[in-house]
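Read the single chain below, which is given as structure tokens and is the form predicted alone.
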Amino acid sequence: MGKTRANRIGILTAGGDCPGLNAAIRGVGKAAMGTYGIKVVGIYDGFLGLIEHNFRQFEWEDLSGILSRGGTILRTSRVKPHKFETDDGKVVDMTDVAAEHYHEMGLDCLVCLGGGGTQKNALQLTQKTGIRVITLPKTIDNDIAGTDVCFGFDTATSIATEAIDRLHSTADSHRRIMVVEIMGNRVGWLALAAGVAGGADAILIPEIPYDIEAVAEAVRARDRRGSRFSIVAVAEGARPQGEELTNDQLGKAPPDVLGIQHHVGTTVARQLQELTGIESRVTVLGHVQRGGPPTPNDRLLATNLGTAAAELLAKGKWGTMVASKGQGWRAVPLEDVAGKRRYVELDHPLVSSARRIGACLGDE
């Protein structure tokens, strides 16, 4: 009969960094060690650390002073165990090696903090080798299925909103169109939330292909009413009508297909200046949205989900993602999460609110 609870667990952070990771590590670790007497091993550089056997056992002091820190004390990588690229460029399956090191570390469960790719990698690892996993949802894109919200999203929204706030004054001073490109190459939650919160006059997201003429007319209408400036929030994966991709294609499209490397914000700014005759400028926020200390909301969410994971570990319940649900949490089977993405629904209340306050979404 297998163990009914975990006595020694490993924790890693994988994929892109985001605010709240350290708060989640702290939540898992302090609850596991302090409340349930579970030993905690920190694995460095995501799944790469599992492959390279790079780890250390946490002591209580390792978790002190990290709640407000951005990034991750465990570092991260986008390495996939089943598609590991060697130094000579070959791609090999290192799943068995990762599992072997898991057992050598004496682990009863692996806690993986990450986004959509991490959920898939964790599921593949447990399906191929039988090792136990629990995951937590982190991403500024807020696009993981099965959870109300992901930690990292609130902080990124706050940063993008502040950027839009600051652009208002310089735009008004010069009578300009200010285009701000916000992260979100497949979903538009971040651009939509920051655009509404920051009072953007147009918000362009991947789920709603835009007509640049419709955006230009919204700008011209504001100009006719005496408004000296317009703010346009653009998700980096926004696409014009006629070039839209289906949700399935969005989920598989590499960055160059989505046009991200060419900065859609620059294209939109140039086109709007040509169509309206109003000087346009573009600001690409980029990775600044992922840096810095997490907001109180992200600290609370990460702590709540982290301590919930420790409770599941103590009860011997794994194979799940610890998801946000209302003010609490729920354990969602990993099979129901991996490979799925949460897109902005066209009838979502935030979309409706944006339209009611007069924000142009590029489609009318």
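From 1 onward, residues are counted along the sequence shown. This one's a predicted model, so the numbers in the text were calculated from it and none came from an experiment.
Keep in mind the form predicted in complex with a small molecule is missing from the figure; the text below concerns it.
Contact annotation: of the candidates Pro294, Gly195, Gly114, Gly184, the single residue with a non-hydrogen atom within 4.5 angstroms of the small molecule in the model of the complex is Gly184.
Listed residues Glu236, Asp108, Asp154, Asp201 were compared with the small molecule in the model of the complex; Glu236 is the one with a heavy atom within 4.5 Å. Stretch 139-147 is the contacting one of 139-147, 119-127, 226-234, 162-170, since its residues have non-hydrogen atoms within 4.5 Å of the small molecule in the model of the complex. Residue contact check for His287: one or more of its heavy atoms lie within 4.5 Å of the small molecule in the model of the complex. Though the partner is left out of this view, Arg220 does not reach within 4.5 Å of the small molecule in the model of the complex, counting heavy atoms only. At the 4.5 Å threshold, heavy atoms of Arg75 stay clear of the small molecule in the model of the complex, well away from it.
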